[in-house]
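First structure 1, then structure 2: two forms of the same chain, each alone, as structure tokens.
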Structure 1
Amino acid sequence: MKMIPNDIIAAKNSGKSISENDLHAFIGGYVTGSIDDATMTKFLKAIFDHGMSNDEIYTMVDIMIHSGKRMDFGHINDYVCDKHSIGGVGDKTSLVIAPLLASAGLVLPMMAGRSLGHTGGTLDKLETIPGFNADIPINEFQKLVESNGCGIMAQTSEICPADGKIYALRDVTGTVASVPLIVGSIMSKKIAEGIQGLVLDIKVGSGAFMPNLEKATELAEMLKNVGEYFGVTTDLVYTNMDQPLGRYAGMWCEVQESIDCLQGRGPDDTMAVSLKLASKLMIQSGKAKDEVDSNAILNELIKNGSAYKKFEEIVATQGGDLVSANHEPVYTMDIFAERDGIIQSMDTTQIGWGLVDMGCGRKHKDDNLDSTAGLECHRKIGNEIQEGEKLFTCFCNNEDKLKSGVEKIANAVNIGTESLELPLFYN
């Protein structure tokens, strides 16, 4: 019996589960073009409103994986793994963790994403390095990873093309925060990488897609269930996203901060999150017996220069030229505190949208990004500040975009009198 798209949408809107055959037909039709963006948008919104059962999610992930090619590292003896963060502002930990773990002898075929909603994209940041190429055929990428221990690629049409097309649509249809769609998108790509192990950075707070721990736990457990269902050891780390991570958030400035981390002079919060996530994979692989052991090993690799050397190798192998990566913005603007006190909170999603306005993300599929764009955080939550002191310095190459971004970011900070300390992690 032929699948009728409007009937499937109506069924989902009434809370019914969609059969395996109908899901195959609907998603397959979208990939081949027989179902258009408008129809798929209605289906995505129905999922956003009514969710999916575990069996529907397993089926969706399987469809996405088998819509393209998979990597296979079964012939090598090293531990093959990856890390993924669930959104975030200022989250550059992938750029730290990938070379750090590769320098420790793990293998990371990392497939990274572009900006999504108010959050930045790892690939967008990497592509601020002149010549860096993330659009690599899967066979070539697999050889690169086997040779280097690590590579970072874009999702090409060869890998999970069903997800690739849906991912781009989610970003412009208000369906980014759907738990089943997040799970399907993340896990299909990770499983297609041919990995044995995975660590997930589950962001919680005002800058996360999941604003509270209850929602974040729902997402995390679903991700873990899918990982285990498909045979991938999956660990979870819950991290705070009530403020931007690190000192910088944006484009090239985040790459520079990552380099600082790999050279042993990164901000404490960026380093703490990077090491916590990396330790999970070190323990999974048997390279370390616990977090203390892992930190000792990884800090030594930073100290002796191995981690940064691996970063240079990864960039050079993928055509990047760090020497000529100099992105001085034309325009800068400071945001100052309007009163004395202690920083109580930040609307980090609002900060993220301000960065999007400045050129760090996309509101439409074809928007151009600005490599120079970003901000520097001079104060964090819990810090004392005096009236007239700097909160942020914002920068980019377009004066109108800078003003638009600053307008959002300037209203995102709450200053009060209560002393407080923000935790980096949730148990």
Structure 2
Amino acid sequence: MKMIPNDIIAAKNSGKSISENDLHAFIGGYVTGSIDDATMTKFLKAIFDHGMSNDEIYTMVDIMIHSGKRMDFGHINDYVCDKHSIGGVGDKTSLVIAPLLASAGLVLPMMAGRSLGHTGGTLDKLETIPGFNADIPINEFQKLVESNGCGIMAQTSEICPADGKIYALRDVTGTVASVPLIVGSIMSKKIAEGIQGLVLDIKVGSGAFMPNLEKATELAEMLKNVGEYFGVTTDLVYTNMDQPLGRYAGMWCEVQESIDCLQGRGPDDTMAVSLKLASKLMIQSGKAKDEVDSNAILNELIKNGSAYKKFEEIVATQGGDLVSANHEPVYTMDIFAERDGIIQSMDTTQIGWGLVDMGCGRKHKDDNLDSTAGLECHRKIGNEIQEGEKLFTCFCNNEDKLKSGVEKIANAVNIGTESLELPLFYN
């Protein structure tokens, strides 16, 4: 029987489920061009408004995976896994975890993303390293991962092309923030990596996409359900995103801070989150019996230089030249505290948008990024500060963009009198 798109949209809008055949016809039709953008937008809006059942989500993920190629590591003995974060500000943990775990003998075919909304993208940061290439054909990427234990690639047209096309449409039709659509998008790409295990960093707080723990839990549980349904062991770690992670947020400065972490001098919060996430995969793989054991193994790999050596190896294999990566910004501007007190809160989404203004993210698809752009955080929530002391130093290569970013960031901090300590984890 022929599918009638408007009937399916009307059925979803009246609360009915979409059959497997209709989902196939809709998503397949959009990829091949028989369903146009306007019809697909109505379909996405219907899902946005009315959600999807678990069965619909499993079917959608399966269709998206099969719209492209899938990696296959079935012939190797090592544990193949990945880490994914739901997006944050200053979140450079992928750059720490990937080489660290590869130096421990795990295999990570990491598909990383670009900046999204107010959050930074691992790929954008990595591409501040001159020559670094993440657009690698899947066959080549798989070989590279097998020989190095890790590679970091961009989503190409070979992997989940249905997601590539649908995501681009969601981005311009206000349909990104839908739990089933986010789950479909993230998990189809992760499963297409051919992994056995996954750890998800579920960010909660003022800089996260999910506004509160309840909404974050709904998304996280659905991501886990889909992972387990497709045979991928999936662990969840809920982490605080009420302030930027680490001392730096931005472009090259985050790569530099990741190098510090891999060389044993990273900031405490970034190290704690990285080690916690990494421990889940160490335990899944059987390389560690618990978190304490994992931390001992991973700290030793940092101390003896193996973790950083692996980072250098990954970068060099993908054409990157760390020696000539030097990004001195032309302009810097400090933001000072306007009163004495204790930092109570930060509007970290606003800080993220300030960073976007400075060149760390895109408002339009073709916006150019600035490798030198970023900020240094001199104080964190719970820290005392005196009037006139530095809160942030912001930097980039364009004075107007810097001013615009600084204006947003300067208004994002609330100083009060209450003593407080922020938790780093929620589970």
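Numbers follow structure 1, counted from its first residue as 1. Everything numeric here is computed off the predicted structure, so don't read it as measured data. Note that the rigid core is defined as the largest set of C-alphas that superpose within 1.5 Å between two forms.
- By the stated condition, namely the form predicted alone, the first structure is the one that fits.
- When the rigid core is held fixed, the Cα atom of S14 travels 2 angstroms or more between the two structures.
- Core-superposed comparison between the two structures: the Cα of I415 travels less than 2 Å.
- D293: CA moves less than 2 Å between the two structures after rigid-core fitting.
- In the core-aligned comparison between the two structures, the Cα atom of A168 sits 3.1 Å away from its counterpart.
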